[in-house]
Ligand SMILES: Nc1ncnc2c1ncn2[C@@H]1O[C@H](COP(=O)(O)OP(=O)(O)OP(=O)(O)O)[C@@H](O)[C@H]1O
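Only one chain is given next, in structure tokens, and it is the form predicted alone.
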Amino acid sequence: MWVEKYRPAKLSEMVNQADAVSRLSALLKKPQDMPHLLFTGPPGSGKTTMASAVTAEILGQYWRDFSLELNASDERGIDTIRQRIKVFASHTDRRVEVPFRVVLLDEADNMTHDAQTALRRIMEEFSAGTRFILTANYASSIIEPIQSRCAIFRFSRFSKEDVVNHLGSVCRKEKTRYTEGALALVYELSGGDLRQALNQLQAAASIGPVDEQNVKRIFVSAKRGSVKEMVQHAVRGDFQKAREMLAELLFVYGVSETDLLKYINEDASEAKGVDQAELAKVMAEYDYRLIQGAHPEIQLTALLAELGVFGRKAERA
């Protein structure tokens, strides 16, 4: 996969995120003094890649033996903290080449509150021989005691120029024909998510040259228009039709719940007569529910019902 083939292995190879690279490079000059790290920012902005690069530069050839990587979305309970992480962190080794062991917790904002509390105690107890690198889409979901024990690095979406230049470089290395317009379209449809952009670029290249027509075929760009149509049905009170379209977008086109929520917010904000202040509150509530792990289909269906209420209020006004 291109997303793995062209994943940066060193900080110097990172796409943009210059501020984070500069600060981390300074810390790595004396790795034994490095604190725990927390990388926060939107998906596809390089957090996990940066964490892996830092781990590799600290541990060198021993990185496989002295690092533990877990995805907190899959293993987010207190048992994982107590059993796997504590056992790993408590292990000691006398190799002088390794300043400490590294635990990389990806998507740590998906961990339960109890698990985070247990993690905080382990971070305190084993800080002499273990460093933790946490990544999170939302820093607000990480408890304050953990945040206060970490150096926080905030990542931003990649710019259009950075993504287009990187995609062009990949195409040239793969000897794939492309147009600048197609790469710009990949950026727009991926929302600045470099991981998604690379995956979709490879998919488009698999069916021919990377031109706008093939990019649209891969992204099924009509799905964006389908979201707008779904919102219109919901606001007009045609809940059943809106619900059918939601199921199609989720299970046929495979649109993620986070993307759907973003698109619904954009389209509902343009609906005439809708109370925008109340809409903002409702959108924030459903965003929070999804972050907390609520069932995506149930929550998005309920959101469509809420939009119908907004539509009825607009008609009476």
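Numbers follow the displayed sequence, beginning with 1. Here the structure is a predicted model, which means the values were calculated and not measured.
The same protein also has a form predicted together with the ligand, omitted here; what follows describes it.
Taking the ligand in the predicted complex as the reference, which of Arg157, Arg195, Arg82, Lys228 has a non-hydrogen atom within 4.5 Å? It is Arg195.
Residue contact check: His166 to the ligand in the predicted complex, 4.5 Å heavy atom: Answer yes; at least one heavy atom of His166 falls within 4.5 Å of the ligand in the predicted complex.
Does the ligand come within 4.5 Å of any heavy atom of Val3 in the predicted complex? Val3: yes, in contact with the ligand in the predicted complex.
Counting only non-hydrogen atoms and a 4.5 angstroms cut-off, does Pro42 reach the ligand in the predicted complex? Yes - in the predicted complex, heavy atoms of Pro42 and the ligand come within 4.5 Å of each other.
Find out whether any non-hydrogen atom of Ser141 is located within 4.5 angstroms of the ligand in the predicted complex, and reply yes or no. So Ser141 does not count as contacting the ligand.
Which single stretch, out of 62 to 70, 270 to 278, 47 to 55, 30 to 38, brings residue heavy atoms within 4.5 Å of the ligand in the predicted complex? Answer to the contact question: 47 to 55.
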